[in-house]
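Just the one chain here, laid out as structure tokens, in the form predicted on its own.
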Amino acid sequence: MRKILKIAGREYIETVKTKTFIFGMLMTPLIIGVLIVVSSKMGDTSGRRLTVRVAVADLSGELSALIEDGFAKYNDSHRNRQIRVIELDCDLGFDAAEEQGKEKLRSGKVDACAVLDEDIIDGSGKIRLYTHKPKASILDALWAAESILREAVVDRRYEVVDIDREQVAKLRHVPTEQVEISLGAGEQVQSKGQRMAGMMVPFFFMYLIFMGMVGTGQHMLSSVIEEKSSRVIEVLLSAVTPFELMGGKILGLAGVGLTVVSLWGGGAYGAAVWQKLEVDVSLQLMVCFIVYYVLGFMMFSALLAGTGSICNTIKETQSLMMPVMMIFIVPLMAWFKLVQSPDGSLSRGLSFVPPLTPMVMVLRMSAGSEVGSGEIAATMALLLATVILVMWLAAKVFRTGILMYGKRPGLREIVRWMRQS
């Protein structure tokens, strides 16, 4: 055990003191922060954008004034994005107007063509919107044009039945205030940002475990392959056993991972406090987070240690680790469904899939699910048993593969190593 701790201490110090580690640890949250700020500013399109031309054929003959007024209001409020309306000749009927609009589309004179049926006011007609390979840069204007035409039809229908639309909107408008009641006597109104933070907290905890396991675990691969290719591994194995070397590396990098997730988590919590967002993080959640993370990291690192021992370059490991990485991505893809139903059959089922257990369980607990202590204990026991099994098999592969060079062993040969006592 003393040798394992020595190796773990060396692995920890050699990793955290490198400039690349410090740079990556500091730059990752900084880059995420910059992306958040940039994404919030992306709606600012102060530059002049292309004018969109829309041909309109109003076969009902009753909507021209409303359509013109709707587009005028849009253009006044969107100085950088103008929509120019081109009225089509409707005297010759639907077919002629439709063909006229299509011809303008084909010749590039307009970007869209809208034909409103003659009986659209009474509800039996429809709006036909034609486009020809619209560019992504004008899709927002096309959606706006469709909305304006639809609103013009609705306004005219209100006029026909003599209903004040503003009065209807006032009747339908019901102000709602969401108030959070604490266990004590206090209460507070929840802002939109607070509700959004409550939704994103579970994803953040899950993503923190993912980044800690996968991001820090990559150091295991690079460390093993670097020492193997430089033959330093032979010197190390003259003083310690392969299991002590592998165990020390895993333990040291687990400490590195805890350092990283603690700093990132603390930084995120500080940012939430700075933005006056209350994040409910219980002591039970933090303890379970640490336990699930350490067990998950040990399992993943053992896989990486075994994989790195049979490979000679990082490139060789990529094809082997791709299926494993695809499994770890599953909770990231399904997180929203899992948050919506943290006690559902899918969430419970994935909780007992050992590679996914840490991420799914932390997601469920941080989503407010009343996960029972029995389920927590069962998943931890399953994960611990899986860690022991994976480390036992990885140690067998590591013991033989770490001293092999040249051609990578095949699957049959690796299975034979695992069967050896």
Partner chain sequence: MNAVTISRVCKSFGSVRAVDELSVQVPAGSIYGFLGPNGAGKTTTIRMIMNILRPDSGSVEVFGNGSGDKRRPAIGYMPEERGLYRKMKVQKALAYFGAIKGLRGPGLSGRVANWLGRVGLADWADKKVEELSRGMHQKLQFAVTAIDEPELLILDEPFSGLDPVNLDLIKAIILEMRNEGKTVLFSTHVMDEAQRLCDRIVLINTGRVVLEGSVEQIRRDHTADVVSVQLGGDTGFVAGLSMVAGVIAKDNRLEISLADGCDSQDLLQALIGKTPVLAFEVKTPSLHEIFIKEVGAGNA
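Residue numbers count along the first chain shown, from 1. Quick caveat: nothing in here was measured; it's all calculated off a predicted structure.
From this point on, the text means the form predicted in complex with its partner chain, which you will not see here.
Enquirer: Can you check whether residue 236 is within 4.5 Å of its partner chain in the model of the complex, heavy atom basis?
Expert: Residue-level check for residue 236: yes, a contact with its partner chain.
Enquirer: Is there a non-hydrogen atom of residue 241 within 4.5 angstroms of a non-hydrogen atom of its partner chain in the model of the complex?
Expert: It does: once its partner chain is placed as it appears in the model of the complex, residue 241 has a heavy atom within 4.5 Å of it.
Enquirer: Going by a heavy atom distance of 4.5 Å, is residue 227 a contact of its partner chain in the model of the complex?
Expert: Answer yes; at least one heavy atom of residue 227 falls within 4.5 Å of its partner chain in the model of the complex.
Enquirer: Taking its partner chain as it sits in the model of the complex, is residue 231 near enough to touch it, meaning that at least one heavy atom pair lies within 4.5 angstroms?
Expert: Answer yes; at least one heavy atom of residue 231 falls within 4.5 Å of its partner chain in the model of the complex.
Enquirer: For a quick check, can you give me the residues of 1-21 that have a heavy atom within 4.5 Å of its partner chain in the model of the complex?
Expert: If the 4.5 Å heavy-atom criterion is applied to its partner chain in the model of the complex, 1-21 yields 2, 3, 6, 7, 10.
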